[in-house]
Structure formats: structure tokens, C-alpha cells
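Given as C-alpha cells, the chain that follows is alone and in the form predicted on its own.
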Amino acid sequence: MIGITSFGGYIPRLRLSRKSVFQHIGWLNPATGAVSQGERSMCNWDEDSITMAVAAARDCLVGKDKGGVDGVYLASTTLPFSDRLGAGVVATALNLRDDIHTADITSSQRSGISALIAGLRAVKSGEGKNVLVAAAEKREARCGTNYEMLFGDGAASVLLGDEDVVAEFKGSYSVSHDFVDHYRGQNEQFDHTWEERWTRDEGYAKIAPQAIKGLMAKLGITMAEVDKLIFPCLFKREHAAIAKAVGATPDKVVDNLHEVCGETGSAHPLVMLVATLEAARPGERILVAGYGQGSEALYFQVTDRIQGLARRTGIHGSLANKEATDNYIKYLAFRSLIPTDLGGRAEVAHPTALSILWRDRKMILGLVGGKCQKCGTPQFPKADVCVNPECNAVYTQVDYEFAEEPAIVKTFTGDMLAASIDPPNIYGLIQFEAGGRFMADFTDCRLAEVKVGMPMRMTFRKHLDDKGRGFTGYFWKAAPRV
């Protein structure tokens, strides 16, 4: 038996009111009022597809042995580097083994489903024992368009294997069509789109049902043997029409999450799948499909082992942990869609030297410090001499991961002079409960909320966005524990 052995998800904490977007720019395109209900998820200024993929993958690996992971597939069409392996950054941030296979799967909105199929085939062939698949998306849209309303940011991750399977893989079916309803050329910031009825009537309405019906015919099943039908669709009416076309009653169709986060691109089939698995019962049968230059569909059956999974945040937990905002201008500033002045201190760039990034990759990307073998004292960064004044042993440190260690705030400050798109810049000293201290930037919080003794957790974020050189630097920050 092969299939999904664990799953996790991540939706950014910030949610932008669509009504606010319409109030600010609806004058430009009054038709956007038709999709202005609810809210869309919105990355904080220090988040992107890589950081969200890491967050979803960490959630997926709760209660699992990271040492057994031997493959990482990352799916996204919005990776920050054209020529740097995103899956490699994710694997390093997770402190996975070096002898694993990593790959980025991109260039299509169905790349999330494609990565899932590729991972399952690797497990089935024996090439991979435990393959981690993550999909994340942070898409941009021109101001005043429907897509600005419809898009959302988010990520999902699944672990695939042949032991302790929580959702057994039964089969897949794929169709490929060079159907162009939108495209984004190299070095272009926004998609170029064709009219919506073309995408709706010739795209979703014909191509998605072809994959769903093809899978059912291949496996010899009917919609009566499907308990949950998952497929993303930008258009609410067409979503219902496709379900009807393949014979699914409304009670079988999984909500598209439009009202609470929006459509997360290539990640969305996995986001919807993870959200479904979070509430799934043993025996339930799930059909999930992705769309983009064709369509791919997969069929799973939930097993009894799903009841034994360790608790995780998941999609529903992320959706519950939200900060709503109606500040449309902040959304534009966070995404560099309007120029902003961050003061003179922002004029000096301090990119990490690539040689240092390589030598200290475990410390920078993996938050790996040291622990004294003599006295057991953890410290960050790792050093030749133990920081414990009662010990001061030399060359006794072994690697020690701090990323999953809970912490509390010891000191903090709000700095209005530091270069920040979201002032004040909040930082301070945190104390890890297991030992060790760390001077960290704080994120996902307001200065008025921070207190000494406040529980904190570590989160992987951007610390540098050097647009002049096209380089994104990553490190770990502290965020309130939820």
C-alpha cells in the first residue's frame, strides 16, 4: 500500500478584506464588485513561496522522523529564483539529510498535482521511501482586476510513503493540452489573461471533467464511489457546473475556500486536499483534480491510521489564526506594487556572501546551534567554547536544532529608525525553554501585543530582499506561539 502518510498546511496570518479592495479601486473596474465578498489571504512582507513551503512542510512533519525523508519536490510558479533550487532551500531549512533527491516542479497551475503524482510514482517504483511534496504560491495581479480579488497566498505539504498510510493511493489519470488562458513571460511580473468566458467555457468546463471522467473510467468507478470531490476553479458558478457535469451532488463537492483565503494557484488542489483530510473519516474516498494546460486527477481512500496522526495546525488551524485588515495600501506596499521610502538606512544592502552562506548553511537556513556534550548546555551560534561559565569546555559541541524549540520573550524593543516596511521593527532577546538564548527579529505581531515572558516559536522568513541583485536572503524570526 502506498499513499499519503502525513499532511500539513499553511495560510498566512494576514487576511485582506475584498470589500476594502473594491472601495479603494472599484472605480476602475466596477465589475470586481461581483467577487468582492469575503477575504483573501495575504503574505506578510517577509513571506514568499519558499517560506510558506517550509511552514507547510514543518507542519506535515509533526510526529514524523525527518531522517527518513529521501526526496523533496517543491511545486510553485512564483519561486523567487530562476536559477537556484527552491526545493534545496526547503530541504536545508528543514535540516534534512544531504543524500536526498530534490526537484522544483513549475510552469503550470497544475504543478502541485504533478508533483504529487511524481512523488507517488517515486515511492511506487522504490526510488523513494518517504517523499515530501510541498506546493506554495504567492501570485501577483494587476490592481483593479478580478484576479487581485480571487487570488490568495498559501501552501500545503504531504508526505508520501508505503508505511503508516493515512490515505491510500488508488490511481491517477492525466490529460495534457496546450490551452492558453493566461501566461506570464520570463521577467514579467503579472499574468497576461484572455477573457474569462474563454477560460471558463473552453478551459475549466471541458478539460477538468475530461480528467475526472477519465480517472473514473480507468478505475471502473462511478461518482457514487466518491465521497469528496476536490477541484479548484476560479469561477464559483463554473465550479458547481463542473460538479454537476461529472455527476457529483453538492454534498460531495469540497468548498473552494474562496470566501476565506482565495485561490492559491498551483498549491490549491493540495490546500483543499489537506483541508479535507483534516476532517476525513476512515473509509472516505477522495477524488482530487488539478487544472492548468490540461488536468490531472487522483483517487485516494482514507485508512484507520488517520486517527493516530499527531496534532498539527493544518489549513483550518491557519485559517483560524488570522489578523484581518482593510488596509489595501499596506497590501500594495508589502508586495512592492507601489514605491515606498524606508529611510536612509534602507539604501545600504548587506547581502550574505555566498561563501558564508555555504559554510554556515546549517546555522543560517537550519537554525542549527550547538550543545555541549559535557554539561548539556545548548547555545546559538555553535562555538568552540561552551557558554556555560561552570563548564567552558572546549570542542565539545554537537549540532543542536533550535527551530522546533519553544521560547519566551526576555527583552524587546520597537525601533522606528530601522528600515522596515511595517514599522516599528520589533526585535529582542528570546530564551529557549530547553536552554539557549537568541537575539531575534519578531514577526506576525504588533508592539502593543508583545510582553516579557510571552511564548514564542521560530518561523522561517525573508530577512533580505536585494532587488538590485535579485537576491532573497532567509533566516529565522520569532513569532507568537498559537
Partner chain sequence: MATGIRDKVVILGMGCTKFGERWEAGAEELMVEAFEEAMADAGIERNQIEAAWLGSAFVNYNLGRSAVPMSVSLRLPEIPVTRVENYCASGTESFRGACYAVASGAYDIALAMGVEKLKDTGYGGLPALGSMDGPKWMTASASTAPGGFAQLASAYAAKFGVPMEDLKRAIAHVSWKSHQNGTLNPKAHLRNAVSMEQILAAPIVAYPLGLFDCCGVSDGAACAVVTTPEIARSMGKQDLVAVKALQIAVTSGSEVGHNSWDGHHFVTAASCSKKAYKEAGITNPREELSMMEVHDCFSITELVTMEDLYISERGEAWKDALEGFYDRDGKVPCQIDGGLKCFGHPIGASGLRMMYEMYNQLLGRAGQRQLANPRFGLTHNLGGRPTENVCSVGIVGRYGE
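Positions refer to the first chain, counted from 1. For clarity, every value in this text was computed on a predicted model and none was experimentally measured.
A second form of this protein, the form predicted together with the partner chain, is not displayed here; the remarks below concern that form.
- Within 4.5 Å of the partner chain in the predicted bound form, a heavy atom is found for none of P80, W194 and F235.
- The shortest heavy atom separation between K410 and the partner chain in the predicted bound form is within 4.5 Å.
- Although the partner is absent here, L429 is a contact residue: one of its heavy atoms lies within 4.5 angstroms of the partner chain in the predicted bound form.
- Among residues of the shown chain, N425 is one whose heavy atoms approach the partner chain to within 4.5 Å in the predicted bound form.
- With a 4.5 Å cutoff on heavy atoms, M363 counts as touching the partner chain in the predicted bound form.
- The single contact residue among K244, H350, R97, R281, judged by any heavy atom lying within 4.5 Å of the partner chain in the predicted bound form, is H350.
- Interface residue among G68, G414, G38, G33 relative to the partner chain in the predicted bound form, by the heavy atom within 4.5 Å criterion: G414.
- The stretch among 202 to 210, 285 to 293, 355 to 363, 84 to 92 whose residues place heavy atoms within 4.5 Å of the partner chain in the predicted bound form is 355 to 363.
- Residues of 309 to 333 include none with a non-hydrogen atom no more than 4.5 angstroms from the partner chain in the predicted bound form.
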